[in-house]
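Consider the single chain below, provided in structure tokens and representing the form predicted on its own.
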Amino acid sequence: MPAFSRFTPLISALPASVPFVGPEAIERNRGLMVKARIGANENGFGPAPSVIEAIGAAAAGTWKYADPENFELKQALAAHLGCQVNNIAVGEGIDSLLGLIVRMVIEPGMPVVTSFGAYPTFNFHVAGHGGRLVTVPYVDDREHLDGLMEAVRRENAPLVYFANPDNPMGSWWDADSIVAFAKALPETCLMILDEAYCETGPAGATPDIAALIDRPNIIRTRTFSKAYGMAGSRVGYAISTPGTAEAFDKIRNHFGMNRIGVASALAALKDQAYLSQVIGQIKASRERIAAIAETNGLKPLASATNFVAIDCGRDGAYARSIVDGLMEHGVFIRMPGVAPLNRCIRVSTGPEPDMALLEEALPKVLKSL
């Protein structure tokens, strides 16, 4: 059937695509069942029992909208982070916040700087608002800070995206390097510092809140989807100066947050003991994945996230065949999308039964290739 005839030229020109194909779609399209869901960087260890209890208690009130000011959650986040309430904006996961930031800054044709192969959902938003992506290659499987800065200055870019720790490679920079980069940026360039994986990174990788809180051209984005195990709740937040954070209120969906998600986030913040426990489980699972890779002659890369990128030693076609082969055994993983990063596969941490399935399936797949 033909499409509506009066979409904007931009929408008409965009491909009908999404950044990721979910495991549910793979099951439908290939007639396979996912037995080990270790490809979407979810936290397979799940949320705290206290969070599950809070979700149950909140369920009866789901007939009500959530507080459009997100007052209680912003109060709790400010207390947890050691900043002021007006430094925080709340949104439906980092993905929603990224879309709002691009909308606030980018007009059609404007340059936006990011790393070539970095988180594709950001690129999706840039394309959706007509921005022009300017990409900088990774160097040694890390985002290249000097290259990003050069591109910002060359293009007079109003927006730059940088994730620390990084997705899809799991690499990271130390906090001092990130602060130096942020302070060297032109004041006319807004930096998105995506810290989705900050809880799982090593000490010294995440700048203190106070280090950047006074810079209006820095927005730090964080989430409850990773270490807190609440990807399905869709709760994210941004940290910046009061004036920058307030800009979200001009365009955000004021009733976008759901009451159950907010209740789960409040409970998760109170249960830091569980967070410490699950971070330990993630670290142990990273080591388990690395050991499985090495046993099979593959090279795991050092990771500060809840996944491990594994260098398969060949090209993207070979890595794709491993991804597809593992799915034949019910093991769902992913891989980076562009060369040379796509020589790797990417395996999310998870419970031991999932690791056992990976350990059993991987040598069979490699042998078949």
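Note that the structure is predicted; figures quoted are calculated from it, not measured. Start at 1 and count along the sequence shown; that's the residue number.
Beyond the structure shown, there is the form predicted in complex with a further copy of the same chain, which is absent from this document and is the topic of what follows.
Relative to a further copy of the same chain in the predicted complex, residues Glu24, Tyr65 and Arg234 are all within 4.5 Å by at least one heavy atom.
Looking at Asp95, you'd find a heavy atom of it within 4.5 angstroms of a further copy of the same chain in the predicted complex. Heavy atoms of Pro9 reach within 4.5 Å of a further copy of the same chain in the predicted complex, making it an interface residue. In the predicted complex, at least one heavy atom of Ala157 sits within 4.5 Å of a heavy atom of a further copy of the same chain. Mapping the unseen interface onto this chain, Ala76 falls outside it, with no heavy atom inside 4.5 Å of a further copy of the same chain in the predicted complex.
For the residues Val338, Val323, Ile52, Leu301, the 4.5 Å heavy atom test against a further copy of the same chain in the predicted complex is passed only by Ile52.
Partner proximity in the predicted complex, defined as non-hydrogen atoms within 4.5 angstroms of a further copy of the same chain, places exactly one of 125-133, 292-300, 138-146, 265-273 at the interface: 125-133. Shown without its partner, the chain has Arg103, Met104, Val105, Ile106, Glu107, Phe124, Gly128, His129 in segment 103-131 as residues with a non-hydrogen atom within 4.5 angstroms of a further copy of the same chain in the predicted complex.
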